[in-house]
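As structure tokens, the next two blocks hold two forms of the same chain, structure 1 and structure 2.
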Structure 1
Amino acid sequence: MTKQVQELIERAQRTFVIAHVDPDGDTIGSALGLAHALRKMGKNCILACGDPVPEALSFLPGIQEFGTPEITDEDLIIAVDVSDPNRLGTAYERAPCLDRPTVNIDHHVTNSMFGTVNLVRTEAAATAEIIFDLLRDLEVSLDPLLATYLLTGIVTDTQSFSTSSTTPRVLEVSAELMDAGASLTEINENYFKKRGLATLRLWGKVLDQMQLDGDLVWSVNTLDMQNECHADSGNAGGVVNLLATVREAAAAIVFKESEDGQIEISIRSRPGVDISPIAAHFGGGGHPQAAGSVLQGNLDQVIPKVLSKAKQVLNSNR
């Protein structure tokens, strides 16, 4: 499969790279790294994402390139870290149906294999690890910026090498990226240790609303809370990880209201508890310990349905 992707990239002159909605460090770092490498190969590249890049990733050069441009005469579409066409967002959900090849590069176990060519490796700790191997096959040399993009993807998706997906191989890749000029200290400092005032205020609101139901802890991130804190919907992206540290809970869920009338659910769990079936049941995807989905409806409609399914899944894990 890697050979087919390599051939498509080598033939293409104009590429369109799409990150998933509600973007995280892996999709943004992988997309930026791939775009940087394609340009080193002499190719044109446009970056797209249906949602704004979160504040925590503002330290990465080039994030201002992300927006929602139209797909025009590009001859190759590449979806990065996208498990399902729904995760492309409304602006690009039809992209896999266009009359040009779509490459799907991902590591989620719930990937729906929607691409013309699917480079999906579920054993990879992050999509950035797959991009690293692909660029080696394309004979693109590492430089400090490219290494920073890819290490950001790995570090953020493994929670700084603390998840069960952290393997000896990804540690070796990360060491090579550090040798090429990426700073693990700066990535950790910028992503995990710096929060805006609006973010912390919003986190406080979310924590104040949390509820423990059996071994499940959950909370909400409403539009009213966001407006009161002068925060946008992306400011509370990491709070679900904090909820997941509750000693009495096996899993955590945050329900986030969006201005488009949808509810985004973010789910986390402790090691050994597979919560990906919850997200998959509602058309989403992810990993055993980190998953999510987007549902239509209001909080009063969505919360009972999701909690019911979550309890069923948690019971099956026992």
Structure 2
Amino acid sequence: MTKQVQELIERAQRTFVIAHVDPDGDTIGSALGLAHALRKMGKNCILACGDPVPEALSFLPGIQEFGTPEITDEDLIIAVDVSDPNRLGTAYERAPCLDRPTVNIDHHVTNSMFGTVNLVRTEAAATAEIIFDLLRDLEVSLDPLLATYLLTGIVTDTQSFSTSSTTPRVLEVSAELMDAGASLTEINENYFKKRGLATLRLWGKVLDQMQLDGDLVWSVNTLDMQNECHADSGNAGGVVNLLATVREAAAAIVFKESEDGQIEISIRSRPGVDISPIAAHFGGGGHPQAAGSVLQGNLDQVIPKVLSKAKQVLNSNR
């Protein structure tokens, strides 16, 4: 598959790279890294993302390039870290149906293989690791900025090398990226160690509402809580990781109300406990230890349905 992707990239002149909605460090780092490499190869590249890029990634040069431009006469579309067409966002979900190749580069176990060519490696810790290998095959040399983009993808998706997806190879690749000039400290400081006051106040409220039900810990992040803290819904991303540290819990879920009347769920679990089927059951996706979905309805309708499915999945994991 890599050979096919390599050939498509070598032949293309105008490329269009799409990151997933509700963007994280991997989709943004991978997209910026790939765009940087394509430009080094003398190709034109447009960057797109259906949602605004979070403040925590604003330290990356070029971040302002992400927008929602129209796809026009580009000859190659590349989706990075996108598990299914819904995650391309409404502006781009039909991109794979356009009369030109769409390359799908991803590492989610729930990937729907929507591309005309699919480079999906579920053993990779981050899409950025797959991009690293692809760029080596394309003989693109590393430079400090390229290395920073790719290391950002790896560090953020492995939660600073702490997930069970962190293999010796991930550490080797990361060491090479640091050798090429990427700063691990800069990435950690910006992504994991700086938060707004409003965010932490909101986290406090989410933690306060936490409930333990068997080995499942869960909480809510309501619009009222967001308003009280003067935080927007995006501010609470990450609090689920804190819930998942509860000693008695095998898994954690946060139910987040959004302005558009939908409920976003974020799910985490301990190594060896696969919670991706919960998200997949409700039309979402993700990884064995980190997954999510968006559901229609209000909290009272959504919570019992999700908790019941979660308990069923956790029981089948035992």
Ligand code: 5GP
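Between two forms, the rigid core is the largest collection of C-alphas that superpose within 1.5 Å. Keep in mind it's a predicted model, so treat the numbers as computed, not measured. Every residue number counts along structure 1's sequence, beginning with 1.
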Would you check which of the pair is the form predicted in complex with ligand 5GP?
-> 2
Two rigid parts, two forms: what's the rotation of the smaller one against the larger between structure 1 and structure 2, in °?
-> 10
How much does the C-alpha of N227 move between structure 1 and structure 2, in Å, when the core is lined up?
-> 4.7
